[in-house]
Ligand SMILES: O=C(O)CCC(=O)C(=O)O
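Next up: just one chain, as C-alpha cells, the form predicted alone.
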C-alpha cells in the first residue's frame, strides 16, 4: 500500500482481513538510527525462556524507556492516527519490545495478542498490535505469519486452532491458512489483537529484527507495568502523549487517579504522597 492510498483504504483492509501493512514508513536514515540503538541492547540480552518467547529469539522489553528513537516509534503520527480511530480516547501502551529472531528458530505457537481479555468472541479487539520491520521480512527469515479473517473467529473456532489429538500441532487446515507478511524494512504491520498470528521459522542465515508496539483500550490492564518499569525521572522527559499512554492520564470519570489526584501530579518534585510518613 503506497502512502497516497494509505489514508483512504487502510480501514477497509483492516476490517476485512484483521491487518494492514504500511509500506516504508521509516526511511533509511531513520532505520539506521533504530538499528544503532538496538545493537547494544541486543548484545546484552539472553534468548527467550520458552517456545513462545523463542529459545533462539532475543527480546528487549520496555523499549520506550531506552532511547528517544523508540519513543518516536511509539508515537509515530501515522500509527497514532489509526489508533485514534480504532480505540477509545485515552488508550494506553500495553506492550513495547524488540524481537530478534536468529537463524534456526522454529515457528512460534499461533496465538492472538489479547486472548487474556476473557470477553467472549467474536468481539471488537481490546488491543491493536504493530510490528515494525527493522529488517526485510521474508518468507525465509521468520516474517510474522497471519490467518486473514481470524479476528472474527468465535471462541469455538479459536479452540479448534490446534489438533485435538496433539495440542502442540496446528490443525492442518489452519496451517494452510497462514500467510507471511512479506514487507521491506521500515514498514509496519498493524493488526487487531484478536487476529491469529505467529513469528515464523527463521530458515535464513541472518537475524530478523522487529519492534512490536501494542496499544489497548483505556479500561484494560496493560501487559507491561510501566509504572514500575519506567523511572519517574525518565517519564518527566517524555512527551505528554507518551506520558498519557504509560498511564499518567485519567479515563473519565476517574480511572487512573492517585489518591484522588491526577497521576501527572506524582511527577511534580513537590508532590506529597499522603501515604508516606
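Worth saying up front: this structure is predicted, and the values here are computed from it rather than measured. Numbering follows the first chain given and starts at 1.
Below: the form predicted in complex with the ligand, not depicted.
Enquirer: Residue 197 versus the ligand, in the model of the complex: is there a non-hydrogen atom within 4.5 Å?
Expert: Although the ligand is absent here, residue 197 would touch it in the model of the complex, with heavy atoms inside 4.5 Å.
Enquirer: Is residue 73 close to the ligand in the model of the complex, meaning a heavy atom pair under 4.5 Å apart or at it?
Expert: Residue-level check for residue 73: no, no contact with the ligand.
Enquirer: Given that the ligand is not shown alongside this chain, does residue 111 nevertheless sit within 4.5 Å of it in the model of the complex, heavy atom to heavy atom?
Expert: Yes, residue 111 is a contact residue.
Enquirer: Is residue 128 close to the ligand in the model of the complex, meaning a heavy atom pair under 4.5 Å apart or at it?
Expert: No, no contact at 4.5 Å.
Enquirer: Please pick, from 185, 99, 93, 147, the one residue with any non-hydrogen atom lying within 4.5 angstroms of the ligand in the model of the complex.
Expert: It is 99 that has a heavy atom within 4.5 Å of the partner.
Enquirer: Considering 35, 251, 241, 59, which brings a non-hydrogen atom within 4.5 Å of the ligand in the model of the complex?
Expert: So the residue touching the ligand in the model of the complex, by this definition, is 59.
Enquirer: When the ligand is placed as it is in the model of the complex, which of 81-89, 198-206, 164-172, 150-158 ends up with heavy atoms within 4.5 Å of it?
Expert: Every other range fails; the passing one is 198-206.
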